[in-house]
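This document starts with one chain, in the form predicted on its own, laid out as structure tokens.
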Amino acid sequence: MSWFSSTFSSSIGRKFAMALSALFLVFFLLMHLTTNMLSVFSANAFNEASHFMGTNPVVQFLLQPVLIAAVVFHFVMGFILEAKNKAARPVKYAKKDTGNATWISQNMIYSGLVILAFLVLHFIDFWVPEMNYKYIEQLPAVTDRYYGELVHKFQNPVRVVAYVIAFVLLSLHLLHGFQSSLQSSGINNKFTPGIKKFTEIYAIAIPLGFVLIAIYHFINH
């Protein structure tokens, strides 16, 4: 039996793979926020960073496909684990004994579905127009177009509200998922209390940063 098949045939292996994809996406969120935060302080800096990300071949043809694959894998694996867990509990009780489980941990699949819907909207808003601009219409590279496109998206109050809701749910998702991913990856030692505090701060601060960016551009433009 190959490593791949043996890994995914066990519950522990599936959780480990799920955790690795989650940690990769957590790292991507930080990088994405860093780039977007530039738009608050300098339009030129945001344009330069976005132009680099949009034209660098390593980013476009290596990191971007890996990111898309990680997103798809993470959500598919989440659905598989949810289905496996439900199948392992064929008897449904009128009142479940949740023990120490939190509301967040019990509803990860639902917050994940909302986040997935938001990602689809995000791809439609930014990635699809970018692909159309570069590869279908094959328009010339213009460095200063990115800031205007970003600001334009945040002039619609409905989109801003949806953006805020999505990131509130992302924060809830991360509050359980980040710590759970570290534990599934084997990071569970004497530093666990400090790691847990770090994941909690991250789970609140990163989504809050995205929310503040959206509100800033909505108010100031």
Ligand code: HEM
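Please read all numbers here as calculations on a predicted model, not as lab measurements. Numbering starts at 1 and runs along the sequence shown.
There is another form of this protein, the form predicted in complex with ligand HEM, and it is not shown here; the text below is about that form.
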Within 4.5 Å of ligand HEM in the model of the complex, heavy atoms considered, which of N36, S171, N47, S180? S180
Counting only non-hydrogen atoms, which stretch in 107-115, 121-129, 147-155, 134-142 is within 4.5 Å of ligand HEM in the model of the complex? 107-115
Would T102 count as touching ligand HEM in the model of the complex under a 4.5 Å heavy atom rule? no
I'd like to know whether V164 contacts ligand HEM in the model of the complex, with contact meaning heavy atoms within 4.5 angstroms. no
Counting only non-hydrogen atoms and a 4.5 angstroms cut-off, does L29 reach ligand HEM in the model of the complex? yes
Within 4.5 Å, heavy atoms only: does I213 come near ligand HEM in the model of the complex? no
Sequence-ordered list of residues in 18-39 near ligand HEM in the model of the complex, where near means a heavy atom within 4.5 Å: M18, A19, A22, L25, V26, L29
